[in-house]
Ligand code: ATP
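A lone chain, given as structure tokens: the form predicted alone.
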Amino acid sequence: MRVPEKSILVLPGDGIGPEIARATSEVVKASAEVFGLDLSLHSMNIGFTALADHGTTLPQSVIDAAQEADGVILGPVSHNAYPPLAEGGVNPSGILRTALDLFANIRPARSRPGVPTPIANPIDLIIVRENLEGFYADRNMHLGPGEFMPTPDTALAIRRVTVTASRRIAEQAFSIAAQRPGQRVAAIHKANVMRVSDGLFLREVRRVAENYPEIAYEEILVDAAAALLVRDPSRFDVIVTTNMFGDILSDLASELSGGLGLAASLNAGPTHAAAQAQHGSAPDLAGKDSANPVSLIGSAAMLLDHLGFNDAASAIETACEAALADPASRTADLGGALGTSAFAKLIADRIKEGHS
């Protein structure tokens, strides 16, 4: 069945963002050409470029365009270096996740043939992270930040965990697990300390688990889960957890599988989705054509799959896998000699050659 026309908004971001976004767009366009996709890409600026032009790192026009698009490719941003909120410095990632209701951050981590890893055991898992609440001060309150200082020497943070968010992230995790061979879900928590908030989260995950009797379900404390990931990552299939725990564990899992430069990520919601590399903007590499674009390219493949362009997504993954297996066709961070643009051209050419 032919997928109706889809539109993707590309937001390059800061640092290496424009370079890897350009590389990713080249690969997506190549796959669209090969598979005859009804797919259009257009770009708008965010971050420091938008701040200089519009007085804010995320203009309202960009939010509106993202809401109109079927998907977003979001480059990394240097939000820690932005000016205060009153001077236009907002985190585009956090705002877009809220504006588009991107409640699920889906982060796969798997070993790749030929790519060295710091552990002997293979890893193949998916972390499904709640994306809109928890301890994240920029998105857990209706009005005002979730952090405040009642006195100069006291800082407090509020953690929000709701039934709705817990239930739907659990549904997302079990739905993904039902499509995987392992069919296992592990809920990661700290309910022995945060008995009320993590207790509510676990209660809702258990209720969802009852609807999936064919899927093995377990609960693991977050500190134990970190140790187990290093010791034996094969015991995990799908992990479901709250925002901050998922953020930390997914970086750990990505490093165990070969590095953040390979780590794809999809932010998904009921009507929108955004591809986003797991790593930061690496301003020290900006403009040098040396950044590894695989993370954002892989994220874009996840977005294409989400939009129904499954063959194109698979072709991108296959081309990246083949390139990474050969040291000669890797980027410098993995011991290769290719720059960002050359790697993107290689992937695009392999997609075309494989389906000529």
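Because the structure is predicted, anything quoted here is derived from the model rather than measured. Numbering starts at 1 and runs along the sequence shown.
There is another form of this protein, the form predicted together with the named molecule, and it is not shown here; the text below is about that form.
Comment: the named molecule is not present in this chain, but in the model of the complex one of 282, 161, 215, 229 has a heavy atom within 4.5 Å of it, namely 282. Only one of the listed residues (185, 274, 77, 169) places a non-hydrogen atom within 4.5 angstroms of the named molecule in the model of the complex, and that residue is 77. Just one listed stretch, out of 33-41, 320-328, 306-314, 292-300, contacts the named molecule in the model of the complex at the 4.5 Å heavy atom level, and that stretch is 292-300. Each of 16, 261 and 333 is positioned with at least one heavy atom within 4.5 Å of the named molecule in the model of the complex.
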